[in-house]
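A lone chain, given as structure tokens: the form predicted alone.
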């Protein structure tokens, strides 16, 4: 097999997946571009969830053994505050109930050769009443998030509604500090290299407890104080803040948060200011709510460190609806080492899984799923074993490089785990073992999906979409999480702009995504907050641009274009900065401005790009058009894993063709392929036909060794 393209990257030695005992512990734990380096070993970030406090003690050992049998090197568990606290400042860590012996659980994992991923909250969800928080905390008014009318913000979530905490409350942070100290007292001496704990998660699914509508919360007095400081710091002075907000601020206390979207779209008389002139406060509120989350995670992390839970990488997970969420993944990765996305999807949600993974692969340091749903709680969308496995495989196809099977071991308020509550494997465990074994056998975590093109998601447009959300408590995240677009419930008023930017930017993203897929060009979605170094990694950038743009982001784009990257932007040149103030914006030299009103316009722009840079296309083509294909290469640029996917309900016979640099020079250059789930082998010469059932995919291992069987024996897959 010919190398696809040279690479300056050095291969990383891989280690066996589940050691029989923990190796020597000389160094430290670090996140790498492939996975987790523990001392001198690098392992894939593959874990399985097992909740010690929900299992009988005698089930711990067999359940851990089955995790290892699945091929998982890490056991993950929450540490639930409400379970361990038996009174204010009084905790049971096994003294009364042996199932609560956290230390014994961690020590057993180390004895068996498993590493531990610990998630001490304070919020853990986990389908628990009060999401793992003590009842006294959620009903303490000083801890509660506030609505615009200063009432508690109540979450209507099974099995019981409850008021959610505030990410600004000083009282809440003080309580969390005491909780972290209690956890640290039990296990801080078991952090690597002294023990098996190699990862710590800071809080959980930080999106305002799913009450994330723009004017739903948080109007807690401590939050409003933070807002005032934030606004003055952003604008440089109270006077500049007043100018930006088109308001009269005589004193700091005059700064107030908007409580509803009150920017009308009425007809203007001559000389009147346009409606968008009053948007700046709303955009600041949207940005502040992101920063409030980031600041809370920063403070939680500092409290963990103060308690002695430190020395290993920290993580955070975002729930479904990350593009609509009032959080910034890049900003969070400035606080913790790694941010991932949770996945709970049926096969019919193929496009959503693809979109979310492309965003994660383009934005996160290491694309992982801290919760890869294996089953679901009984009140969630029904998910079958086939749904969960398909979701994990499609996410891997589009760039996921690590996952935690949630739940790997069964427990209350859950169904579908491959290991039962006594530690016995279920029938479904065999499929997960084959899949995880295939990831290990191919060193999949070390492979790269080449993506030379990025579609940039401007953060200022994301905030405008959130600010103009119309469905109130039916939040933007909820709308996105059920499969609709992130702008589905936004106002379509133009607000004085040339068009409704809050809707149009996503339509441009969607059109270019479809065009790149149609022309077989691998791409990712990149959050505009990632910063210049990350954006420079791409050969071509596609950037929706309208009348409003961040000055900083536009300067970055302009510089990248001047330095030789191919930048496609449009339809408009910006003329207003993020405070809606008129500014001069430089036209990016060498960039291409496009007007994209139809799908055909995006296709034409991609055709022009490929005419100039044909190497952007993938040299493996799948037909018919709805069949999707991804290729994962080693550091030498050689294909090692191919995914072929049929998201349609009907079966299909797909044709895979080698073209371009991968086209065979002669009949003696077939690729030997093996379906890792079935073991079936066949050869790919110039082309190959594959039969795929509806809603299915194949993960194909590519071998560079000579064919072991004749082409007649392996030439066609059925």
Partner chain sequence: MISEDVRIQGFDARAFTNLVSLFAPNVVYRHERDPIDSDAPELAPHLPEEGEVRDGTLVVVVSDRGTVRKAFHTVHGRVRDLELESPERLEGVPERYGAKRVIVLREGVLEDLFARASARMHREDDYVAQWLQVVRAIREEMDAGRLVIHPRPFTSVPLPTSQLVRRTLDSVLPDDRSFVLAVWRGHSLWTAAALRRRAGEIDWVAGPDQLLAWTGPLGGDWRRDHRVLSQAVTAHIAPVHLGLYGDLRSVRRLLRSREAGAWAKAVASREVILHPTPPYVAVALGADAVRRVAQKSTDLLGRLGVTERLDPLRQLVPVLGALRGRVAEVASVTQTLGFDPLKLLAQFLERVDPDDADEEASDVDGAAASGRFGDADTESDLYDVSAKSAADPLDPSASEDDAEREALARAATLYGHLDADDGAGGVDDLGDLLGDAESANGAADDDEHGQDEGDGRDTSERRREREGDQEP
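Residue numbers count along the first chain shown, from 1. Please read these numbers as outputs of a predicted model, since none were measured by experiment.
One more form of this protein, predicted in complex with its partner chain, exists but is not displayed; see below.
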| query | finding |
| --- | --- |
| Location of its partner chain contact in the predicted complex, chosen stretch of 281 to 289, 148 to 156, 195 to 203, 235 to 243 [non-hydrogen atom, 4.5 Å] | 148 to 156 |
| In the predicted complex, the one of 471, 613, 224, 604 near its partner chain [non-hydrogen atom within 4.5 angstroms] | 471 |
| Contact assignment for its partner chain in the predicted complex, among 346, 393, 255, 335, heavy atom within 4.5 Å | 346 |
| Residue 382, heavy atom within 4.5 angstroms of its partner chain in the predicted complex | yes |
| Heavy atom of residue 130 within 4.5 Å of its partner chain in the predicted complex | yes |
| Residue 507, heavy atom within 4.5 angstroms of its partner chain in the predicted complex | yes |
| Contact flag, residue 490 vs its partner chain in the predicted complex, heavy atom cut 4.5 Å | yes |
| Contact at 208, 529 and 685 by its partner chain in the predicted complex, all three, heavy atom at most 4.5 Å | no |
| Contact set, 551 to 586 vs its partner chain in the predicted complex - heavy atom within 4.5 angstroms | none |
